[in-house]
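First comes one chain, alone, set out as C-alpha cells in the form predicted on its own.
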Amino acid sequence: MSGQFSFGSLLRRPEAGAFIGLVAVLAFFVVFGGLSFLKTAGVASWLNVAANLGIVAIPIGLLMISGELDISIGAMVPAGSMTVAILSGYFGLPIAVGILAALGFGVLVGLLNGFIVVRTAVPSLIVTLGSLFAVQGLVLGLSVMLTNTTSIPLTSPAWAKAMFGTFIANQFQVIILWWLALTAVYVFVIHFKPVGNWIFAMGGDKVSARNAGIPTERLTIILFVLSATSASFVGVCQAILFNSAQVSSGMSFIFNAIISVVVGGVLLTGGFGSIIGIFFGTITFAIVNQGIYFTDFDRNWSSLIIGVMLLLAVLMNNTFRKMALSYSPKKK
C-alpha cells in the first residue's frame, strides 16, 4: 500500500540527517563528558543557548529556503536590547512601550531590507550587510548621544520578568517556552499550509513561482520582517533577563544562526529544508558549543573540535540530502 510506513522514505526527509547528527553529537559528549552533561545544569546550559539562537535561526532558515539571506540580525539583537533599555531603563517609560518600540524597529528594518531586495537587483547579502553596519552605527550613535554610554541598566516589572526574562527552576530561561511555541507555529504554517509550498517554490525557481501566481515579493518582505523582528525580540528578552543592554552584543548570531540552519539540512542555494531540521540543527550547535566545557579536553583545542564536529554534521546532512534528491519510488 502507498500509505505504508517506509523507513527509507523517512531517512530521506530533510530533518533525518539533522536528527542523526544530533544523536551522534549528544552521544559523543555523554561519552567524553559523562552523564553530568545530561543532568539539569548540563541540559540547561545548551538548551538556553539553543532557545536564544533558535528563535532567530528559523526565520533565517526560511529566508535561505526561499533563496535569500539576512545578516543584519547581528545588529538587530543589540538594537532590540538597547531600544528597550534606553526607553524604559534610561527615560523611565513603561516597559510595554520599550518592548513595542523594539519590535516596531525590527519591523521597520525588515520592511526596508525586503523592499530594497525586491525592488532592486542587489543580492540580499549585500543589502543586509549594508543594513547591518547602518543599524550598528545608528544604535551606537543614538546611545552615546542620548545617554553618554554604551551600557544601560534596565529594571523590569514582575510581569515582564516572568514573561520574557526569568529562570524556570533557577536554570532554564523562560525564552525556551517562546522558542518551543514559535517552532510549533512555524511547523504548522510552513508544513501544513500553502504558504510553505510557496516558500519552497521560491527557493527552487523564483521566476517560475511568480509566474505560477505566488506573491513572491510580498512573501520575501514578510520573511525579512520576521527575521529582523525575531532578532529584536531576542534582544529584548536578553535585556530583561540580564537587567542591562550593551551595544556590542549580537554579532555571533550571524554565523551561529547560519551554521545551525545548514546543520539542520537547509541548502544555501535554497529550495530544501524543514523547520524540524532547523530545530535539530540549533540544538546540535548548542550542544557542541557548550559540551566542550563538560569534557577534559584542552580548551585551546575547543575551536578545532567544534569546527570538526559541525563539519561532520554538515557532511552527514549533505549525504541525506543527496539521497532525498536522487530517490525515486519503485514502480509496482
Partner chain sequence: MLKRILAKSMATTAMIAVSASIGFAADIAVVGGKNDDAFWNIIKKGIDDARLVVEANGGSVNYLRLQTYDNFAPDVVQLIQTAISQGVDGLVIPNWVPEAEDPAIKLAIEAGITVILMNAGGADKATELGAINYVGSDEYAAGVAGGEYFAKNGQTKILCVNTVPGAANLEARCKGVIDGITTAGGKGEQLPLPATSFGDPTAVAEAIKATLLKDGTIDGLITISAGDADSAAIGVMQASKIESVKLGSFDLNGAGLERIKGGTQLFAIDQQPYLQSLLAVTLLASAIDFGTDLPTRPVLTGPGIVDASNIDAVLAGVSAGAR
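Numbering follows the first chain given and starts at 1. All of these numbers come straight from a predicted model, not from anything done at the bench.
The same protein also has a form predicted in complex with the partner chain, omitted here; what follows describes it.
**Student:** Taking the partner chain in the model of the complex as the reference, which of L267, V30, I276, I306 has a non-hydrogen atom within 4.5 Å?
**Tutor:** Looking at the other structure, the residue within range turns out to be I306.
**Student:** Which pick from S156, N113, Q238, T216 sits with a heavy atom within 4.5 Å of the partner chain in the model of the complex?
**Tutor:** Checked against the cut-off, the match is Q238.
**Student:** Looking at the partner-bound form in the model of the complex, is F294 within 4.5 Å of the partner chain by any heavy atom?
**Tutor:** Taking the distances in the model of the complex, the answer for F294 is yes, it comes within 4.5 Å of the partner chain.
**Student:** Indicate whether the partner chain has at least one heavy atom within 4.5 Å of a heavy atom of V144 in the model of the complex.
**Tutor:** Within the cut-off, so yes.
**Student:** Is A41 a contact residue for the partner chain in the model of the complex, using a 4.5 Å heavy atom cut-off?
**Tutor:** Looking in the model of the complex, residue contacts with the partner chain include A41, since a heavy atom lies within 4.5 Å.
**Student:** Can you check whether S66 is within 4.5 Å of the partner chain in the model of the complex, heavy atom basis?
**Tutor:** Because no heavy atom of S66 falls inside 4.5 Å of the partner chain in the model of the complex, the answer is no.
**Student:** Three residues, T120, T183 and R210; all within 4.5 Å of the partner chain in the model of the complex via heavy atoms?
**Tutor:** No, none of the three is in contact.
**Student:** Within 4.5 Å, heavy atoms only, one stretch in 245 to 253, 222 to 230, 183 to 191, 105 to 113 touches the partner chain in the model of the complex. Which?
**Tutor:** After filtering at 4.5 Å, what remains is 245 to 253.
**Student:** With the partner left out here, which residues of 298 to 315 have a non-hydrogen atom within 4.5 Å of the partner chain in the model of the complex?
**Tutor:** R299, N300, S302, S303, I306, in sequence order.
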